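In structure tokens, the next block holds one chain alone, the form predicted on its own.
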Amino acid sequence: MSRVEISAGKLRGLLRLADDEGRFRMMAIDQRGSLKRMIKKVTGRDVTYEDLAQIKKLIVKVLSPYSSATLIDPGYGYPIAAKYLPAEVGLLLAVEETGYLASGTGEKERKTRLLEGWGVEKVKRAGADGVKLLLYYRHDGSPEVVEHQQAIARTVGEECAYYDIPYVLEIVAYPFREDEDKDSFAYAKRKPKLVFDYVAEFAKPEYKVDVLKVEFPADLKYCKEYADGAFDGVKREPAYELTEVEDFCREVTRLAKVPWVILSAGVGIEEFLEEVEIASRCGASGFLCGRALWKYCVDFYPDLDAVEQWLETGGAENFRKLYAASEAAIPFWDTDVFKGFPNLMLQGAGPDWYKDYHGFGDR
């Protein structure tokens, strides 16, 4: 089998983000708007910078040691939590602004915005092992919004290639039609195709993505085997059966080529564990989990001791369960793009490699 060349920065970064088995067991604590809403619901008051920073610090301090890598934002999180991130744990830094710009017909579509005064170069200089961009995407959106989203994804990919650092692209679909609601039979039926379409688009080489972070390509609450209320006690009309859901995950693997990981999208831990187990045995390379892992600690805020105690018990147990659920995940070097660890070769390897390598790829 032919060798697969990869640049030095991309290779080292991916190895840092994965565990020793080549699987991604990553934690996300880059939430800003959603975390503010969670804190406000508990405290009943306006949320301050200190509120977010303290919770993020504790989550990083307690749970990062269980992760292969931790994703954090450069505003509320990294400045306070940097010293608590273990040296052996990889670091992902986000580059997008929280939330989105309402756009399109009736302002029901979403445009991603990049953080002002921040970018891939600073991520690299700050010591991160990878860059993460969150992209809202509907292939059936208005052309202007679709083109805007594609352009941002392409720009960040080019910058990551230039600065030789892995690019993790997180893509999230969303309802915008009159007949859609996120928890509805209609949206559950539409979701697999929405995921397939964005995976097929952003797996194209022009975006230079190294890892795709995607939604589970179905809603398990509408899967026949779970539709009796397995996760929330609410019975629903089944939209598909488990065998179909497994095929959906295999289709994501076929379309992606590059390694892909599952995101939690705010579902409960029991539902996410099922998603991780199914996705892992159907081709995923692991998970990048946020709220499903740690969200219940917020219920104890502002009692920081109680927050930390929950993280040390409930949070740690959630992580152990996630490791078990992702046991069948595919090592990133065994995905189609790399074709096995023995076939990986440093780009330009040879006695003069150090002379030719300049750290930056072609723009």
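All residue numbers refer to positions in the sequence shown, first residue = 1. All figures in this text were calculated on a predicted structure; none of them were measured in a lab.
Keep in mind that the form predicted together with a further copy of the same chain is not shown, yet the notes after this line are about it.
J.: Residue 127 near a further copy of the same chain in the predicted complex, any heavy atom under 4.5 Å?
T.: Because a heavy atom of residue 127 falls inside 4.5 Å of a further copy of the same chain in the predicted complex, the answer is yes.
J.: Is there a non-hydrogen atom of residue 78 within 4.5 angstroms of a non-hydrogen atom of a further copy of the same chain in the predicted complex?
T.: Although a further copy of the same chain is absent here, residue 78 would touch it in the predicted complex, with heavy atoms inside 4.5 Å.
J.: Can you tell me whether residue 86 touches a further copy of the same chain? I mean in the predicted complex, with a 4.5 angstroms heavy atom cut-off.
T.: Yes, residue 86 sits close enough to a further copy of the same chain in the predicted complex that at least one of its heavy atoms falls within 4.5 Å.
J.: Residue 122: heavy atom within 4.5 Å of a further copy of the same chain in the predicted complex?
T.: Result yes; residue 122 sits at the interface with a further copy of the same chain in the predicted complex.
J.: With a further copy of the same chain left out of view, which of 161, 218, 194, 273 would have a heavy atom within 4.5 Å of it in the predicted complex?
T.: The option sitting close enough to the partner is 161.
J.: May I ask you to choose, among 176, 185, 118, 231, the residue with a heavy atom within 4.5 Å of a further copy of the same chain in the predicted complex?
T.: Among 176, 185, 118, 231, a heavy atom within 4.5 Å of a further copy of the same chain in the predicted complex occurs only for 118.
J.: To test your reading of this chain, name the stretch in 86-94, 246-254, 201-209, 287-295 whose heavy atoms come within 4.5 Å of a further copy of the same chain in the predicted complex.
T.: Heavy-atom contact with the partner occurs in 86-94.
J.: Within 42-60, which residues have a heavy atom closer than or equal to 4.5 Å from a further copy of the same chain in the predicted complex?
T.: Sequence-ordered list has one entry, 49.
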